[in-house]
Structures are given as C-alpha cells and as structure tokens.
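Presented as structure tokens, the chain that follows is alone, the form predicted on its own.
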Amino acid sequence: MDSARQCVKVEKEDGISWVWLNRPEKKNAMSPQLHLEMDETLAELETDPETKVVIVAGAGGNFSAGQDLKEYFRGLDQNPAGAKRIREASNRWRWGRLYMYDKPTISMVEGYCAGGAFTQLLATDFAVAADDAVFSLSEVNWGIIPGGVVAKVVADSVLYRHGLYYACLGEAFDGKEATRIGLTNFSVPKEQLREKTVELAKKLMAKSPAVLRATKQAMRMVRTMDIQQAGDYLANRSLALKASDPNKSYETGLSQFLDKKSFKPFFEPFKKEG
C-alpha cells in the first residue's frame, strides 16, 4: 500500500482494513486527489489476502461533507479532460467498484454525511452510524439537485416518501432517523461506534468468504430482475458457487449439520475447515 497517499489512510487489523477518507480539515470533503487515491486503494484491497472486510470511514470525526465544491466543481470547470478522468474515478470507487465488491464492506458514519457521500454510504454492503451523526441531502437549499447517482441510490434504498421528503426539504437528520428510514443498519452511541462496527465485521468474517460474496452480490443483482429472471440467475449462481468454492462450503455445512450435528444454522455459521 502506497504510503505517499495524502487523502486516504489505510489501517489493517485482524483481517479488517480500515480505509479512512483523510481530509479532516475539510470534514473529508472529496477532492479530485481523494477520488484517485480511493479508487486505487480499493482496487488493491480487493485482492489483498490480508483483507477480509473493508470498513470505509472518515478521519477526524466526520464521514464526509460530500464533494469539495471548490476543487471538484470550480477547479475542473476549465479542464474537460481532467474533469472526465476525475469523475470517472469518483463514480467508479463510490459505486461501480464498491457496489459489487468481492469482499464485505461497511460504512462507519460519525459527524457529517452529506450530499455526494450518500453514494459510498449506500454502495457499501452495511452501514453503522453514531446516534448523533448528521445526515443531509441539502442540495435543494443551494440551488441544485442531488446529482451524480445520489437521487437514484437514495430512492432505491428508502421508502419513496422518506427520500422525497429529505431531498426536497433539505433538512438534516441524525443516525437514529437514518436507521428508521433504511439508510443504515443500526445506530449506536458515538462512544460505542467503533466497537459495534468491528463486532459486525467479525460476524461477517466467520462466514464462508465465497458464499458471503455470492450472497451479497446475488441480493444486489436480483433487485432489478423480475421473478423469472431472478430464478434463472439464482439457479445458475448456485451451481457456479458449488463448482468454484475452494472451501466446499455446501458439503462442509451439510456434513456438520446432518452427520456431525455440530452446529445450529439458525444461530451460527458452520465451522470453516482447512
């Protein structure tokens, strides 16, 4: 991992790779340099054997205040080639890469989560927030719409009227409300945030990596399919998983449940072997 990166910081601990947006003086507003570094960092971690779970967070107590208006917008207005490159990197890491990432991903949200930061929030598989985190789709208050893919991913993730309300009113809301409307999985007191996020990561690491990857990607894919398409896709994905899983999870789990009677699948994963 390149130690020369200025806007991204990576910490590895017990299978977890913490990826910190690292512009605390700007509340981690996303600059062109940050986008390039995040795109490169996530690409490296996806095939890193030490990384089992990726947690995306913000240094200095804020998740992200959204796009850096000065550097991302005004700074690229007269540079169409540079703007295209940066916007491709921005969209790639915040959605294209994270949405179908091979490893489980978690957003840990404290402080501000605003505007464009909703993209990576909803691209990660899971999200945990501090109760007092501040979420805001405030674009309407300063004369634009929630652009990029923000309006789309919010509309897909919460009940329509919740999304419409916060996009049209631009009102801030806290972590408890983010959980109530479906933007995050749960919220906790700020002092428990890291502990509970790690706890979730450890639960994910106890699963078969191949089965977990296939499950989360399948859940993503079937959202836009009809019943017939989903049935065909899931049948073929199941066959592919059985053929390619190096841990032979299906046979191992079935043997432990039926033959050895060593675990209860309602309450725990089978024990990985080898």
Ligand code: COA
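Because the structure is a prediction, the values reported are computed rather than measured. We number the residues from 1 along the sequence you see.
Only in words, not in the display: the form predicted together with this ligand, which the text now covers.
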**Prompt:** Using a 4.5 Å cut on heavy atoms, which of Arg213, Lys52, Arg237, Lys27 is close to this ligand in the model of the complex?
**Reply:** Lys27
**Asked** Which of these residues, Thr124, Ser138, Asn185, Asn91, gets a heavy atom within 4.5 Å of this ligand in the model of the complex?
**Response** Ser138
**Asked** At 4.5 angstroms, heavy atoms only, are Ala65, Asp68 and Gly115 all close to this ligand in the model of the complex?
**Response** yes
**Message:** Can you tell me whether Ile144 touches this ligand? I mean in the model of the complex, with a 4.5 angstroms heavy atom cut-off.
**Reply:** yes
**Request:** Specify the contacting stretch among 40-48, 27-35, 53-61, 240-248, defined as having any heavy atom within 4.5 Å of this ligand in the model of the complex.
**Result:** 27-35
